[in-house]
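Below you'll find only one chain, the form predicted on its own, shown as structure tokens.
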């Protein structure tokens, strides 16, 4: 089993990218290699280098690259001339996915959702969710939360907090109120109380909302993990005030932050859920909006998309549900790896007087500034570890290792991260160690 990255020394010829690709590109700037092969947690570049992937396609590759079971299912389907594109026609691949999703995911969790196939990305699922909430309630306002990220199309972008992303819209982003997320003002302030007060006060200026849109763990906003009791309060407030509760599980779902859904076991059930990223299991574009059956008041074709029928994604999604989620042992293994990640990050944080963020296999360490975080991720890349940042100032170094990663490989990657953090931040000497002259 490979455990050690082997980064290449030579950067590729980037002239074609510099000449033809838009300036909007990002990851390739901080990770200047050309990749040609991927397997499990490993990416291989054109110069023979091997990189350990703690980015996982921003949680689109929860089961690693080219998992053999998923790859075999797709290859068999293609070899049999299976339907590739079908709009929303009935297909064997769609039927198999719906039955498996019902049997493996919904029914064991006591959930009854209608499944809406939207366009292929997460932002399409969010657009459908907020449009449906407005249609059902007859209201316009969506309550979103500080540091939230929901997508780049205009409706989802209006619900997103990041000023840099919002600035690209070119038009007003309206009909959304951004309320403080759990912990936004510190532990001593309960922001659910603040929202309750605003909703109860007819002079607060807050219109009756159509929906509350929330991530249980804010993926791009800094790995802020909401407490279950806060989320229950938000769910209760939504119900009390006639709004629908939408949980954006695009990054935190599919096992990343806990169970298949990030809200499992928290004592509330969302009215609408959005899924994407690792839903296909193999990085193929696939997004869903799940809704209570009584909310499914769409007219035929009222919301659609040309690529809502990606049958290749149906095939790999079905295979991933059967391979991983049909057996409770997988969730147990993910929880155990999440424990390893938590302990290692807590150790780094304690050593340097820092703090950690997140939940499950969706965790990171707050290093205080984007400059320091960039220094750490650059040092990691030099050692063959691909890792990114998160947060309002990119101050969180964010670990999104595959859920299927071997323990020894996970530990090896965390060793690289630990060394990079130590090099970027001077060790803190705790008061009880000064007498002994020992560094933490």
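Residue numbers count along the first chain shown, from 1. Model, not experiment: these values are computed from the prediction.
From this point on, the text means the form predicted in complex with another copy of the chain, which you will not see here.
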| property | result |
| --- | --- |
| Contact assignment for another copy of the chain in the model of the complex, among 265, 328, 205, 242, heavy atom within 4.5 Å | 205 |
| Listed residue (355, 369, 269, 304) with a non-hydrogen atom within 4.5 angstroms of another copy of the chain in the model of the complex | 304 |
| Region of this chain that lies against another copy of the chain in the model of the complex, out of 330-338, 256-264, 132-140, 234-242 [heavy atom, 4.5 Å] | 132-140 |
| Contact test in the model of the complex: residue 48 vs another copy of the chain, heavy atoms, 4.5 Å | no |
| Contact label in the model of the complex: residue 108 to another copy of the chain, heavy atom within 4.5 Å | no |
| 4.5 Å heavy atom contact, residue 399 to another copy of the chain in the model of the complex | no |
| Contact label in the model of the complex: residue 363 to another copy of the chain, heavy atom within 4.5 Å | no |
| Site test, 349, 409 and 416 vs another copy of the chain in the model of the complex, non-hydrogen atom cutoff 4.5 Å | no |
| Contacts with another copy of the chain in the model of the complex - residues in 24-55 whose heavy atoms fall within 4.5 Å | 24, 25, 26, 27, 28, 29, 31, 33, 34, 35, 36, 37, 38, 39, 43, 46, 55 |
